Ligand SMILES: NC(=O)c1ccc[n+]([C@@H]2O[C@H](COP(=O)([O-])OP(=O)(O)OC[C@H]3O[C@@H](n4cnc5c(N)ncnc54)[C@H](OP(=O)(O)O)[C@@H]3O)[C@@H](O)[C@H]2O)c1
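Read the single chain below, which is given as structure tokens and is the form predicted on its own.
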């Protein structure tokens, strides 16, 4: 099978490609890549991704040597692809995986619209040209696999439905959700009007691997756990609201099965934990117990996060942000501006953490059971078996272990934290000595 793939430098797509390399005999890939903000060439970016893949050396070399890289510019016509290479894509591509997106929650709409909406429209234009070519020459039908998000539904005060082919989102939580909703509207319109073979995947919050607990990006719930560990998040709200977290390897396994088995060609598949979603209180309690028992920093005190009413929590956040803005205005110290930016980023996370987000997934579980070799998403929480005995699932512990082993991917400097802890405690020790 010959694939055109976007998003290879992201979090999920590399794992999907790993799976396809293992599930198919001789997959061929065209990877759409652009230079990054630092000007790194697409070949260097691609090699860096492949070297980090969970493949044996021969498979890595095969992927490096036989893959074709397609340099793109989202804002140019036909993605700025070289005309000869564009014609080659029209002739050869059999399936498209569009997994590229800007997943930041604090971006201006006009900026994030380009990678999330404009890019999707141009990928569809390519899909349509390939589709027409294959129809003219009697070739097998082309399928487009598009990775959206369950959070495109925005604010919902009841369980978020599986309503394909309809789509009725609430008010968006942020510009990311807004642009992903726009892109989904666009894709659904093409399915309805032209009966196109398009599969939309809707993962919820993607966490670390179910096998190892490891992740490439430490965002969202990881940030909350980190701030709790550092003692910088004394208050939260909505203790009983749920987090719907699914492992990255499970998401990749489902998507790669759908692609390689080639049996499911149109519809929406929600990749969610559904009723197995954990509460914010569970996250707090289990995380607190683990970190206090396994803290690598001697003498470090981890305060337990307290839950307050929503209006109190929101007021405290706004007061803190106003304070730092005022301090920056008075001092022009860039540290305070950085603090404001950090709080703004956290505000983008809060709807996912403190808002009511319960995802229906019964229809999708039936599709997963029918068209893949996967079962339901591994749960983060411990569960009770038929005898009423508590069964340790292990996934949550693996994630917690990874955060301490890596310092949240380098976000936490344990040595520096230990120095701060020692410095803080030194005056007390001196005072005690002077009293003797």
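Positions refer to the first chain, counted from 1. Being a predicted model, the structure only gives us computed values, none of them experimental.
Form predicted together with the named molecule: not shown, discussed below.
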Practice prompt. Determine which one of 357-365, 124-132, 147-155, 288-296 lies within 4.5 Å of the named molecule in the model of the complex, judging by heavy atom distances; exactly one does.
Written response: 147-155
Worksheet entry | the named molecule: the contacting residue among 68, 60, 397, 45 in the model of the complex [heavy atom, 4.5 Å] | 45
Worksheet, complete the sentence: The one option of 89, 160, 243, 206 with any heavy atom within 4.5 Å of the named molecule in the model of the complex is 206
Worksheet item: Looking at the named molecule in the model of the complex, do all three of 277, 378 and 382 come within 4.5 Å of it through at least one heavy atom?
Response: no
Discussion item. Residue 421 versus the named molecule, in the model of the complex: is there a non-hydrogen atom within 4.5 Å?
Written reply: no
Worksheet item: Applying a 4.5 Å heavy atom distance criterion, does residue 180 contact the named molecule in the model of the complex?
Response: yes
Fill in: Contact of residue 228 with the named molecule in the model of the complex (heavy atom, 4.5 Å)
no
Worksheet item: At the 4.5 Å heavy atom threshold, is residue 308 in contact with the named molecule in the model of the complex?
Response: no
Fill in: Contacts with the named molecule in the model of the complex - residues in 209-223 whose heavy atoms fall within 4.5 Å
217
